[in-house]
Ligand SMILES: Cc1cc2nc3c(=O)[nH]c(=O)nc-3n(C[C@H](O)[C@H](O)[C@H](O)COP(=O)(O)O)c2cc1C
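In the form predicted alone, a lone chain appears below as structure tokens.
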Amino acid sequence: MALPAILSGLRLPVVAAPLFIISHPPLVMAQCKAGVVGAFPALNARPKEQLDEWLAEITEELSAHDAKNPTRPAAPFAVNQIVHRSNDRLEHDLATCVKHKVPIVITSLGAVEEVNQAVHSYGGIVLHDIIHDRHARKAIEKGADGLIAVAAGAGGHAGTLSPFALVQEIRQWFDGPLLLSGAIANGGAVLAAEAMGADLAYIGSPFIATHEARAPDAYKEMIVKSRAADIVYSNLFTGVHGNYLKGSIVQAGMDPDDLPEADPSKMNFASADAKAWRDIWGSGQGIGAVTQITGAGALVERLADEYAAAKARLCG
């Protein structure tokens, strides 16, 4: 099955993952201008009225870029919606996305037909992130257009399945758009994602260490200095298992080797108090490939060069 037009023609088969707190218009616009899909969580716009301002800013800036660069237009952008009962902003944020006709909506923590229908009403597409095959089937049954397979090693909320296992199970029954997330941090890994059956790579952690990212300098520096062994998998901080930088857990006064289990029923992603995410820093296992803080455009350039080199190496 061919990719939807909105996902084809990218400079690189990459969607930048929406990073809670960190992704905002400057990062999204830089990603899109560099030729990959930029994304941000709707909940990053606080108060909720700011979402309307952000979408207007991104749409206008990318339109202006396209007018000046007709031969190299910007990639589309995406907004992430947390479809969980704790998100009391969902109705407002979804209506704002409909108003601005956001091209791609990424849904997480719940598959709801009404959300998909709202996005389809103006021609947008919905990509739903999942960590196992059962949830993938449910998402497609409820009208999602594509899937984001969040495999072991992904930053933030992540699953435990090997990307090989997860992709091959999904591809046994689904031939639509499939993105793969999980420790993808260089161009060779992007090509590998395609080789195993995904259409696009879903990359988050490397973009934390960019100038445009809304992350503390100490966070960016820790990404550069850390490696896979410095990642801790826990559900303590949000009620959902995810990967976090060991150093940030130590800084918060906790023992990363002795973290208690959390009560999943108490997660609340729409809360104005995002302290856990400010103090405990999410990251995937692929950060060994991140060796310096750079611009988002320069990061995409590196990925593109590595992707081309990996292709040439295989063909040679």
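Computed from a prediction, not measured in an experiment: that's the story for all the values here. Numbering starts at 1 and runs along the sequence shown.
Not on display, but discussed next: the form predicted together with this ligand.
Sole residue of Leu178, Ala213, Val105, Ala183 within 4.5 Å of this ligand in the predicted complex, by heavy atom: Selected residue: Ala183.
Looking at Pro163, Pro206, Gly187, Gly242 here, can you tell me which has any non-hydrogen atom within 4.5 angstroms of this ligand in the predicted complex? By the 4.5 Å heavy-atom cutoff, the listed residue in contact is Pro206.
For the three residues Pro41, Asp129 and Gly155, verify that every one has a non-hydrogen atom within 4.5 Å of this ligand in the predicted complex; reply yes or no. Heavy-atom distance to this ligand in the predicted complex: all three under 4.5 Å.
Looking at heavy atoms inside 4.5 Å, which stretch does this ligand contact in the predicted complex, given the options 190 to 198, 170 to 178, 146 to 154, 89 to 97? After filtering at 4.5 Å, what remains is 146 to 154.
Evaluate Tyr202 for contact with this ligand in the predicted complex, applying a 4.5 angstroms cut-off between non-hydrogen atoms, and reply yes or no. Residue-level check for Tyr202: yes, a contact with this ligand.
Closest heavy atom of Ser283 to this ligand in the predicted complex, within 4.5 Å or not? Because a heavy atom of Ser283 falls inside 4.5 Å of this ligand in the predicted complex, the answer is yes.
Under a 4.5 Å heavy atom criterion, is Asn80 part of the interface with this ligand in the predicted complex? Yes, contact at 4.5 Å.
Could you confirm whether Ala296 comes within 4.5 Å of this ligand in the predicted complex, counting heavy atoms only? Ala296: no contact with this ligand in the predicted complex.
Let me know which residues along 6 to 43 have a heavy atom within 4.5 Å of this ligand in the predicted complex, or say none if there are none. Going through 6 to 43 in order - heavy atoms within 4.5 Å of this ligand in the predicted complex - the hits are Ala17, Pro18, Leu19, Phe20, Ile22, Pro41.
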